[in-house]
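The chain that follows stands alone, in the form predicted alone, written as structure tokens.
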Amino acid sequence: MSDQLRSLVDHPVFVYLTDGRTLVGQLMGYDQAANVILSKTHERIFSSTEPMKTVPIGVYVIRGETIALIGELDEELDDQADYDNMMVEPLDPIAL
């Protein structure tokens, strides 16, 4: 996976972790084990009973083994989403 991350460096990314958390940030770097470093990171917390919450984190290091999905974030589409009124079931953790 680390070779595929090369094109995402310095771009905004969406990261879904195996524990069910969702993070958004700018990919600063990665290593051969697919551990990644994000800047401008924030966690998106989804709920079926209240609108999505955004928790600012800043610089964040993620162990590669905890990443279920990582991809480039289309900021234009992301800006169009109405997160202030979005209520959805949170994703379940992934058992590997």
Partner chain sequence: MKLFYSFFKTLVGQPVTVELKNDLAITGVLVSVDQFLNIKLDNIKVVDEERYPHMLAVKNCFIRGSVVRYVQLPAPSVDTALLQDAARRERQQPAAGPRK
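Numbering follows the first chain given and starts at 1. Just so it is clear, the structure is predicted and the values come from calculations on it, not from any experiment.
From this point on, the text means the form predicted together with its partner chain, which you will not see here.
- Heavy atoms of L38 never reach within 4.5 Å of its partner chain in the predicted complex, leaving it off the interface.
- In the predicted complex, none of the heavy atoms of Y60 sits within 4.5 Å of a heavy atom of its partner chain.
- Using a 4.5 angstroms threshold between heavy atoms, V55 stays clear of its partner chain in the predicted complex.
- When contacts are judged by a 4.5 Å heavy atom cut-off, D74 counts as touching its partner chain in the predicted complex.
- Heavy atoms closer than or equal to 4.5 Å to its partner chain in the predicted complex belong, across 40-71, to the residues F46, G64, E65, I67, A68, L69, I70, G71, ordered by sequence position.
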